[in-house]
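This document starts with one chain, in the form predicted on its own, laid out as structure tokens.
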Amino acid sequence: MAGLRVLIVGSGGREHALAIGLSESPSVDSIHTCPGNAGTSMLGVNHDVSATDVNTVVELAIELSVDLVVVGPEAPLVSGLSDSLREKGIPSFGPHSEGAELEGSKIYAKQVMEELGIPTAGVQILKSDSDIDSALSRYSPPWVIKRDVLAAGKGVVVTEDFEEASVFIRESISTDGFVLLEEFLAGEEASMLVIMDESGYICLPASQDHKRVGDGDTGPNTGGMGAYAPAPVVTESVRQRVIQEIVNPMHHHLRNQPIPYRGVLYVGLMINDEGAPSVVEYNVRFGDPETQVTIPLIESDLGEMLLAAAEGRIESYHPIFSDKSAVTVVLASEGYPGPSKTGREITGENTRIEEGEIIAFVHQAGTLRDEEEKLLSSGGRVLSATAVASDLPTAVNAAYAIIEEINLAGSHYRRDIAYRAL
């Protein structure tokens, strides 16, 4: 199957991780990315096409005669990019627009979970005529308030402050017309990425993200400040419960839809003290930064695996996973997750460690090269230092050794990634 020409859609650290994984795949001959970043440009060709410009992305795929499109972000999936590609006979790794509603609409996802009996938090839908005080009183704090929009992981507020909860609810209703108030699920979070199509599915190693901007899970939510895999909270018994209670019923539902789901289903989990899993959220694409610690643990051909799912034959693919640990630490711009300072020079991004079984390197995200080939920041999450080692403490130490060599004025990062496991 040598010679695949692949187009990656997106521009973040997730897309750089996918590009690295595909560049190491014997089946892949060339990689194109739109719009990409400075990292992806070193592995193939970047094209100045927005990920959300569905028609132009399809035109680019046709022009390049690609064999596979791998869609990174959720917005183009919700907008029907995979639908349009498949109409042109181009295999796309990413669900059709209806399947993408599992992330595009939290209400829809809740309705599907309720119908299938999948464990998840209770929810109230609040509108302009709702009694907000009464609704808040039905749940014990902390309260979980979710906007029903694509907000890059930042449309959620978790707070024990009644006034903060009330204000965010009112603001969200004013902006969106309604908002979801969810019951708080106690426990430890984890993420499981499941490659699936109508023929079957493959569960990738479970990981744990760090959503809050500050150490000790303090401060506002972000798109993710770091991750590690495998997550020890997902023991073998927990994993089997996740498969039986959450993955199996959802896969059975999706495989029986008029258009099958082909891509990755991100299952955001909460594991309680008894080891019982519940679904916090579904996403319909690879997580970021979970991808940066999951792809390096796939030892088999990533290109073949993604193409198999895009063509509806994942059941016949048998992956090989590493038994090592991976960790990634995100470096963010000054101001993130609020308005971020960009356009600042970055140095030290080529720092790399290869010592015995330890490999540590940089995943680029919000980066670009100027006319003088200087590397500049172009987003909130700029890059991440990623390490793979035989054990988690070694990987953590290597990742921090890398990030400490990188210079970006005003930048910040969490210093406690993987603290729950350690």
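Start at 1 and count along the sequence shown; that's the residue number. Computed from a prediction, not measured in an experiment: that's the story for all the values here.
If you look for the form predicted together with adenosine monophosphate (AMP), you will not find it shown, but the lines that follow are about it.
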Which residue, Ile90, Leu297, Val233, Leu185, is the contact with adenosine monophosphate (AMP) in the model of the complex, using a 4.5 Å heavy atom cutoff? Leu185
Could you tell me which one of Asn221, Thr159, Ser166, Ser79 places a heavy atom within 4.5 Å of adenosine monophosphate (AMP) in the model of the complex? Asn221
Applying a 4.5 Å heavy atom distance criterion, does Lys211 contact adenosine monophosphate (AMP) in the model of the complex? yes
With heavy atoms only and a cut-off of 4.5 Å, decide whether Met270 touches adenosine monophosphate (AMP) in the model of the complex. yes
Check Val144 for me: does it contact adenosine monophosphate (AMP) in the model of the complex (non-hydrogen atoms, 4.5 angstroms)? yes
Given that the partner is absent here, does Val194 sit within 4.5 Å of adenosine monophosphate (AMP) in the model of the complex, heavy atoms only? no
One stretch from 241-249, 316-324, 278-286, 332-340 that, in the model of the complex, holds residues within 4.5 Å of adenosine monophosphate (AMP) by heavy atom: 278-286
Contacts with adenosine monophosphate (AMP) in the model of the complex - residues in 98-121 whose heavy atoms fall within 4.5 Å: Lys106, Ala121
